[in-house]
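Shown here is one chain on its own, the form predicted on its own, set out as structure tokens.
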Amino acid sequence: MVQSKKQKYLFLAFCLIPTFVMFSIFTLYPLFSGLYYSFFEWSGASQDKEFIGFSNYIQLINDEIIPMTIVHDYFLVAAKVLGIMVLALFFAVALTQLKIKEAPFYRIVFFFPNIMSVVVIGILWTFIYNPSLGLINSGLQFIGLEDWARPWLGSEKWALPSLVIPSVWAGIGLFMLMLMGGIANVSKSYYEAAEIDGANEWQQFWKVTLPLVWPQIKISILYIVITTLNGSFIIVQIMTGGGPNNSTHVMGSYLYEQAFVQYNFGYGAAIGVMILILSLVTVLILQFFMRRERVEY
């Protein structure tokens, strides 16, 4: 028995140690390195760095652009959660419950943007938004709405909302498949019982489908929030570079500008720590408000 327990612990150690080593190298080390460098004034390109304590954090509090970037980040979070979840849920229900013959083809079409690089998506939509040759302005002129045509990415008013469409377009397919998996696991007997009770399709959606796929919806929302707060700077950097006049800067793109354009690496590290804290706080708040007991019929 003692030999068996020893073998069991050795096997667990053999499985867990490589995972912990990889987690330490790729997660813990960058995390604590960023926190360490946030207390220095450092260009990031030389060996000379000066310990300045909390000066970077004091600068961060007094930086007028930081509140703007936070508002932009949470605007993108709200727009992406609403846009992606509504459309993904709509298409998931349509492709699983309406018996569409071309459903496999539509699954491929919706998922296609997910296999494309974010860089390619950004360049593609930059061409689509092109004020003179882009599809949007050309289409508006074709149907007689030339007054609506505008330099979408060059306008302080429209540049940030314009980033929402490619972000939503690129995210629908993945979450649609996740929701389709959840809907496929809902027993048909629940719908049959609902029909016997006189529930129409809309009532079946609200009373059967939505409660039973809530775990998939919750995970999807948390994933969208985390990836938007930590990764939306890529599409921003490619399509607008944070402009015009900082109107599309998010926390990530401002970090990039400070660390790798202005060579203010210590301040960029402090912004990175702020992004981590805001992401954790946001996820904890969402977890609290989205908690509910598992529904079983």
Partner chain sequence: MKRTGIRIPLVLWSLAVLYPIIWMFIGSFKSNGEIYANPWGLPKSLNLENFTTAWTEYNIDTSVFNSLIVTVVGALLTLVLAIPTAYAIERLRFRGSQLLFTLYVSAMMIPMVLGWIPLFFLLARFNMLDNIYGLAIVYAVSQLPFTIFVLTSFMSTIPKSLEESAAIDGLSPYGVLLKIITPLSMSGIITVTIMNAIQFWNEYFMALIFLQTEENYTLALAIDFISSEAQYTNAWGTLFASLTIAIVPVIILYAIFQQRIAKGMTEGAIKG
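Values in this document were obtained by computation on a predicted structure and should not be read as measured data. Under this definition, the rigid core comprises the largest set of C-alpha atoms superposing within 1.5 Å between the forms. Positions refer to the first chain, counted from 1.
The same protein has a further form, the form predicted in complex with the partner chain, not shown here; the description that follows concerns it.
Taking non-hydrogen atoms only, F111 approaches the partner chain to within 4.5 angstroms in the model of the complex. With a 4.5 Å cutoff on heavy atoms, T27 counts as touching the partner chain in the model of the complex.
The closest heavy atom approach of F91 to the partner chain in the model of the complex falls within 4.5 Å. Contact annotation: Q203 falls outside 4.5 Å of the partner chain in the model of the complex, judged by heavy atom distances.
Residue L177 is the only one of A79, L177, M85, A159 with a heavy atom lying within 4.5 Å of the partner chain in the model of the complex. Listed residues A194, L95, I183, I217 were compared with the partner chain in the model of the complex; L95 is the one with a heavy atom within 4.5 Å. Stretch-level contact check against the partner chain in the model of the complex with heavy atoms at 4.5 Å: of 125 to 133, 70 to 78, 205 to 213, 151 to 159, the positive one is 125 to 133. Along 264 to 291, a non-hydrogen atom within 4.5 Å of the partner chain in the model of the complex is carried by F265, G268, A269, G272, V273, I275, L276, S279, V283, Q287, in order along the sequence. A movement of the C-alpha atom of I277 falling short of 2 angstroms is seen between the shown form and the other one when the two forms are aligned on their rigid core.
N245 is not among the residues whose C-alpha shifts by 2 Å or more between the shown form and the other one once the rigid core is aligned; its shift stays under 2 Å.
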